[in-house]
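Coming up is one lone chain in structure tokens, specifically the form predicted on its own.
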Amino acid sequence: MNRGRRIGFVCGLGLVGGLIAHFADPSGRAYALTLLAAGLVLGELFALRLEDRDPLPLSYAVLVVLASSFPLRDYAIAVASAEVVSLLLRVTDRKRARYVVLFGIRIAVAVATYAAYQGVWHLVGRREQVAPVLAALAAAAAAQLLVDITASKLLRLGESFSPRSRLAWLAVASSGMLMAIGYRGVDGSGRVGLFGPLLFSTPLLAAWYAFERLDAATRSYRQTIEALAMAPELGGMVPPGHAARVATLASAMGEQLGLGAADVRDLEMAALLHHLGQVTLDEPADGRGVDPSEVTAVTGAMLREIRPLVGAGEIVGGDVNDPKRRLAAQALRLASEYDDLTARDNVPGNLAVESLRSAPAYVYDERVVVALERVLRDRVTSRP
């Protein structure tokens, strides 16, 4: 079932459930709870796509509305039923185990949202004034951020907090607070009922659309980089798959070395394109092959002329002053040499590492060699 059909199914299910709840409970509370639960499911289908971790669901904004407007029993029923429906809608997708993990994260976030709101709400004396209400709502949004980021980091689902992530969290948190105020009001005024969440979800949906377009542009950029990375391979200058293997290995080494998200991304781009300059060089007449240092210099100069790839060009060229960037440059060289030994020369992995470790101490920082060994060891232990 594609996303369009899922959305239609959830909307239909929510309307039917809402009508049943309306007749079963004329007060309208069950009706509102049912529709907001349907909004939770829809929020799982709409998410802000990020570069460095799983998408951020819009359902977090609806959680703030529910936590600030319903007692624990109603809140628990709505959240549990919505998350179960969301999980069932994904049972036909790949990586089902991953969705079970995400289900656990969503439940943890929901618990933290309610606990944070109620804790601060009681702390401020349950005063129906703008400042106390905003403080409780902000605490609920902050709890979502803390639990989600912590769980993602522990489970290695993406642990950096990039500028795009910060903008996404700001959009979800601010929209959730506005939606909650629109639904519950403050001191008996400002309440517009279900029209509140619907009205204030408009900027959140606009943010979702903007993130979708940004993600499409990011994918196009990535595909262009990968296509350029294949040029030396198609020309027979390096073994097939060399760039992708080096990029994967170097990025993992960068994470082991504690590099920031931006440095790891630059390292990955540098690894994908580190042989690109070779396609511009002619083979020497004496048949000795192109000088690797010349390839490095040409590639680094080419990449530094492209603004988004300046950092990658510095890493390829190795002309960096920042200590962590120097580690990134060494990680790239070491990962490339390791792949040359194992893929081109058919040297067993353990012997390749020993060969690289036997190089003089001034060639590679010990930390970089240790990072390579840890990444390779993790690969072995993670195999089924």
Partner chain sequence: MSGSPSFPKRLAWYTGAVFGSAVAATGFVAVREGLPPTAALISFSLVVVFSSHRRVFFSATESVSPAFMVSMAAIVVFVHWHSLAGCLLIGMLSSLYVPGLTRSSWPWFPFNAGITGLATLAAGAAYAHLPGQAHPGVPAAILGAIPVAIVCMAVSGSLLVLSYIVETGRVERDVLVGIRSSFGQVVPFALLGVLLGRMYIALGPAVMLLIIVPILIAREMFASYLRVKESHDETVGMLIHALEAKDRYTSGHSERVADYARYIGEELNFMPARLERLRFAALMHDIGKLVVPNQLLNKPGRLTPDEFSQVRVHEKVSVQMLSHIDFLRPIAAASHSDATRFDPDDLDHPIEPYIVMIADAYDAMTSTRAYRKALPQDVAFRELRDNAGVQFHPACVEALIHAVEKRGERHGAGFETDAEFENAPVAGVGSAGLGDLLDNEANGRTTSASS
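Positions refer to the first chain, counted from 1. Throughout, rigid core stands for the largest set of C-alpha atoms superposing within 1.5 Å between the two forms. Quick caveat: nothing in here was measured; it's all calculated off a predicted structure.
Beyond what is shown, the protein has a form predicted together with its partner chain; the following relates to that form.
- Screening 227, 97, 154, 88 for any heavy atom within 4.5 Å of its partner chain in the model of the complex leaves a single hit, 227.
- Proximity to its partner chain in the model of the complex, defined as a heavy atom within 4.5 Å, holds among 76, 101, 142, 186 only for 186.
- Proximity to its partner chain in the model of the complex, taken as heavy atoms within 4.5 Å, picks out 233 to 241 from the listed stretches 103 to 111, 233 to 241, 76 to 84, 246 to 254.
- None of the heavy atoms of residue 121 is located within 4.5 Å of its partner chain in the model of the complex.
- Heavy atoms of residue 294 never reach within 4.5 Å of its partner chain in the model of the complex, leaving it off the interface.
- In the model of the complex, at least one heavy atom of residue 303 sits within 4.5 Å of a heavy atom of its partner chain.
- Proximity of residue 265 to its partner chain in the model of the complex: non-hydrogen atoms within 4.5 Å are absent; the residue sits far from the partner.
- Residue displacement note: residue 73 has its CA displaced by under 2 Å between the shown form and the other one (rigid core superposed).
- Fitting the two forms on the rigid core leaves the C-alpha of residue 215 displaced by under 2 angstroms between the shown form and the other one.
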